[in-house]
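Just the one chain here, laid out as structure tokens, in the form predicted on its own.
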Amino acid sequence: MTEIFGIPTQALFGQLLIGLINGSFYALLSLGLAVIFGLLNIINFAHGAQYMLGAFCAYFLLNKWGLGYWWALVIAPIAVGITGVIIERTMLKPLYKLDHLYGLLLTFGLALVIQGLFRNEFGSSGLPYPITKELTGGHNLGFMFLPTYRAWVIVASLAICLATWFMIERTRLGAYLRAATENPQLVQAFGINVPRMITLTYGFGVGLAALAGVMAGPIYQVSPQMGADLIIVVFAVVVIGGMGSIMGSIVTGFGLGVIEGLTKVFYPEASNTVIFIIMAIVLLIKPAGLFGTQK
């Protein structure tokens, strides 16, 4: 068996794969947070609960209506996104003129309520969600075995992240969104319905979280705690990349996932804290984050 730095090749690449998978979810979730914060200036602490709702929506679609994974990838983000629209219109909208802390506290309370309701109903143990038959099996690459579903998660997450970046940074719609963050009154004067744009943006960010939840179900199982276990790390990713930075969320999400995976190989004791250590160092050197801009 070949080795790299004294580590068996199969173990090294296996942890690298796990890091890329975790990084895929870090990137998708932090991307949704960045989109919401960039336009609404709200730190959406309910993001983890909405990620969990996406996974449960896929679980219900399969077990109650017989709709499989591919249907869930479409229906769950739309369904959870609609709940996000309702939350924005009924709860968040009245808070826009107040301090940002109120939005954070509200979404934090929503997360606790949603997670508590699902934990009381389904318990804390995970519920199985099978991999769709089209993505079962894997490929022997010689130096490691690559499961097909995990490869799909990495490729699909990267494609979704890049498509979102392109939409926001390179299209007219994205230009309107970015302009609305700077001068909403001017954008409104051009006939753009800014409140509707804000509502749909929040729904879109929530939909990204739900999409990540559907993709995570077959890997991590469906659990009421799955969002709570992940959201703190995702917030660290957003801070490191730069609050509101789309490209920062993508690059930092995948990058930190890989670093976390490699840390488990070379220094396992630090694997649970390495992201927070990096966050502390980045904030000391560049408080706005790697891709953020100081206002």
Partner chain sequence: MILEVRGLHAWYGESHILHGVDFDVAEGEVVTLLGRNGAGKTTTLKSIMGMVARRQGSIRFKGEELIHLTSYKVARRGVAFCPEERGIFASLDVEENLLLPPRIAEGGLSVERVFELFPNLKERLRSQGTKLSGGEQQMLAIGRILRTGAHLLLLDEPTEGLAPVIVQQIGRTIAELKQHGFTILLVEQNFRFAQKIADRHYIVEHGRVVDMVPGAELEANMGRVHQYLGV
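This is a predicted model, so every value here is computed, not measured. Numbering follows the first chain given and starts at 1.
Here the subject shifts to the form predicted in complex with its partner chain, a form of this protein not shown in this document.
For its partner chain in the predicted bound form, the listed stretch (213-221, 120-128, 166-174, 135-143) containing residues with heavy atoms inside 4.5 Å is 166-174.
Of the candidates Val187, Ile160, Ile154, Leu110, Val187 is the one whose heavy atoms come within 4.5 Å of its partner chain in the predicted bound form; the others do not.
Taking the partner from elsewhere, Asp99 is found to have every heavy atom lying beyond 4.5 Å of its partner chain in the predicted bound form.
Its partner chain is not drawn, but in the predicted bound form it has a heavy atom within 4.5 Å of Arg178.
For the chain shown alone, Ile192 is a contact residue for its partner chain in the predicted bound form, at least one non-hydrogen atom being within 4.5 angstroms. Contact check for Asn183: a heavy atom falls within 4.5 Å of its partner chain in the predicted bound form.
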